[in-house]
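First, one chain by itself in structure tokens, the form predicted alone.
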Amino acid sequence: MAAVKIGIVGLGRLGKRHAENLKHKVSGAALVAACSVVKEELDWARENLGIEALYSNYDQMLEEADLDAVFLVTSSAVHAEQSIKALEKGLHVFTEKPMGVDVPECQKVERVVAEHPNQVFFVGFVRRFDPSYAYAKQLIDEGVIGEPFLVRSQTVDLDEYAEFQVKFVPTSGGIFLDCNVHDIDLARWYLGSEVKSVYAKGGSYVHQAFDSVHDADNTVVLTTFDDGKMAVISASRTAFHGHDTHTEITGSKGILKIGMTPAKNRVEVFDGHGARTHCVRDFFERFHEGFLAEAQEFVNCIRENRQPIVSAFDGTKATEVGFAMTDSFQQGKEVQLHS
């Protein structure tokens, strides 16, 4: 079977990792083109990946490159627009999260996806493809913990990235959409229900600059679902120890805990400082297996003519809930979602 010809768009910190996976590790993929508005990133693609079809203009790449699919790792603000353009060109689409930065544009993506049922559309909710998170879903489906009714999930980033994040708040959707979109998706996935209301609290406890853009550096949200189930979702931009993502699912017959200690590996150090483990530094190190698995699944879906477990509807719901959290935080009250 012919390899899937892919053009990657965006070669920043995460884009480079995706590009390396597509070039060297994803079976059935052929990374044949790259697009970036940053010349140095295109130079990197030529020198490190041997890509010759390089573009600084996305529309030009869609017109000229011989592609089957695009892989979007661009600014959140353009995910929806770029997805729609590629779908209308007859291409398969992988887009990093979030699918869009407001609900109407997400709904437009949904409509366009529905108009192109023979094309694969894939939203990068990477935690669904992490081996531990996927195994937890399998155990839930098998009834191992009975009926799940509570999810506690957090996304915590190393503090050194915080100042860099301030300038992107207006286009990224803020801490709830930028950091908690995965936790939102997991809660819906594990509990099998839709969010009814959210009540968010938080503040700029370390980096006051977030106040100026009506955002926060640490937050917590009480989330209730249509069937009465619950989730407690938190985020922090100010961890001093490393990237600390973990999730706990409570059911009527047991509890699942995923990644409660963000260990780099299974080595424990015992020395003059006491006993300790080393921590993963960033989200890619923690989820490197998931990033590879989701890219492989995207290609497999194209080659096997099937749709992924992540849908455009999932992308819309994550954005809808993320913005409800933002509204709750800014208004200081519970926000109800439309059923």
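These numbers come from a predicted model, not from an experiment. The first residue of the sequence shown is number 1, and the count goes up from there.
The following text describes the form predicted in complex with a small molecule, which does not appear among the structures shown.
Colleague: Quick one: of D185, D130, D217, E96, which gets a non-hydrogen atom within 4.5 angstroms of the small molecule in the predicted complex?
Modeller: Only one option qualifies, and that one is E96.
Colleague: Which residue among A162, I140, I84, V78 has a heavy atom within 4.5 angstroms of the small molecule in the predicted complex?
Modeller: So the residue touching the small molecule in the predicted complex, by this definition, is V78.
Colleague: Please run the contact check for E297 against the small molecule in the predicted complex: heavy atoms, 4.5 angstroms, yes or no?
Modeller: No - in the predicted complex, heavy atoms of E297 and the small molecule never come within 4.5 Å of each other.
Colleague: Give a yes or no for S236: in the predicted complex, does one of its heavy atoms lie within 4.5 Å of a heavy atom belonging to the small molecule?
Modeller: No.
Colleague: Since only the chain is shown here, I'm wondering whether L11 would be in contact with the small molecule in the predicted complex (any heavy atom pair within 4.5 Å).
Modeller: It does: once the small molecule is placed as it appears in the predicted complex, L11 has a heavy atom within 4.5 Å of it.
Colleague: Closest heavy atom of S153 to the small molecule in the predicted complex, within 4.5 Å or not?
Modeller: Residue-level check for S153: no, no contact with the small molecule.
Colleague: Based on heavy atom distances of 4.5 Å or less, which listed stretch (260-268, 228-236, 132-140, 175-183) is in contact with the small molecule in the predicted complex?
Modeller: In short, 175-183.
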